[in-house]
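Have a look below at one chain only, the form predicted on its own, in structure tokens format.
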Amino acid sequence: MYWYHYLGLAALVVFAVAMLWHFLRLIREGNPKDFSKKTGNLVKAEAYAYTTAMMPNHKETAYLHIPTFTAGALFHIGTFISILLFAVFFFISPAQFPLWLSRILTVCILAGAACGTGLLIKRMVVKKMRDLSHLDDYLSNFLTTLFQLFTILYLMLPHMFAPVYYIEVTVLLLYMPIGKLRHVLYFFAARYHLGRFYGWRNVWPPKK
């Protein structure tokens, strides 16, 4: 391992400790006692919260913005692939990847990075989005998109871009627990509470 591998590994440890603190905080403060009478099926409600309820036609306004919703989905897919590759890179160098696999991964991540760039531009250009945005919104989008782009470069030219790739990953991992990117954890907690709240009251899943 080179120095940049240790740098990325150290950032990963800090990230894991910080997110563990967030998780313990969620456990301590979450799941309050509900004094109302349970009338629904919590298992079905939780399943609905994480699946069908995420579709645009089941959201309040997402169905009105299908292109943006799709771009966001692709952006997240590109991010998930990049995160998975970050873990794989500790064991297998991208130079060892078959060419066909590198090309497929590059195309998938590039689609996500393009969508992330488009969403960032939209946030800066559209007044309604700009009025709702804060510095954290811009930084989170920028760092994540940059992460995807450097993942592509590392896949294509591993020997040239290895140091800068791990430096960017380090910045991203250290920023995640203090910015909006910590929703990588809070998302699951939020969906759990939504499923429990509406399932307890027999609202989710909705009746056909």
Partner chain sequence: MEKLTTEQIDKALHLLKMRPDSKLETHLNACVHCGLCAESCMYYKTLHDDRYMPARKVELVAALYRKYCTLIGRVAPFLVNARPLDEQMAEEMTDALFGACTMCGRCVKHCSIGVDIAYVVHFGRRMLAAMGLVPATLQATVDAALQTGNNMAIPTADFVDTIQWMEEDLQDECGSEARIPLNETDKNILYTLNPREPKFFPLSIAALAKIFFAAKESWTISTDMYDVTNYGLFSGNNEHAKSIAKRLHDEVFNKHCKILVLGECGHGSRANRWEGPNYLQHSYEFETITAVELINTYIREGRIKLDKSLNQELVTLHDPCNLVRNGGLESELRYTISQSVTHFKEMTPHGIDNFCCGGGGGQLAMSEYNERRIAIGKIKADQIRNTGAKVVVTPCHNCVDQLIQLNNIYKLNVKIKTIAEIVADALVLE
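Residue numbers count along the first chain shown, from 1. Just so it is clear, the structure is predicted and the values come from calculations on it, not from any experiment.
Omitted here: the form predicted in complex with the partner chain. The next part is about that form.
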property: Segment that reaches the partner chain in the model of the complex - one of 93-101, 133-141, 106-114, 80-88, heavy atoms within 4.5 Å; result: 133-141
property: The partner chain contact in the model of the complex: A190, any heavy atom under 4.5 Å; result: yes
property: Interface membership of T39, the partner chain in the model of the complex, 4.5 Å heavy atom rule; result: yes
property: Interface membership of F197, the partner chain in the model of the complex, 4.5 Å heavy atom rule; result: yes
property: The partner chain contact in the model of the complex: V125, any heavy atom under 4.5 Å; result: no
property: Residue (of L153, L26, L146, I167) lying close to the partner chain in the model of the complex, criterion heavy atoms within 4.5 Å; result: L26
property: The partner chain in the model of the complex - contacting residues of 52-82, heavy atom within 4.5 Å; result: M54, H58, K59, E60, T61, Y63, L64, H65, T68
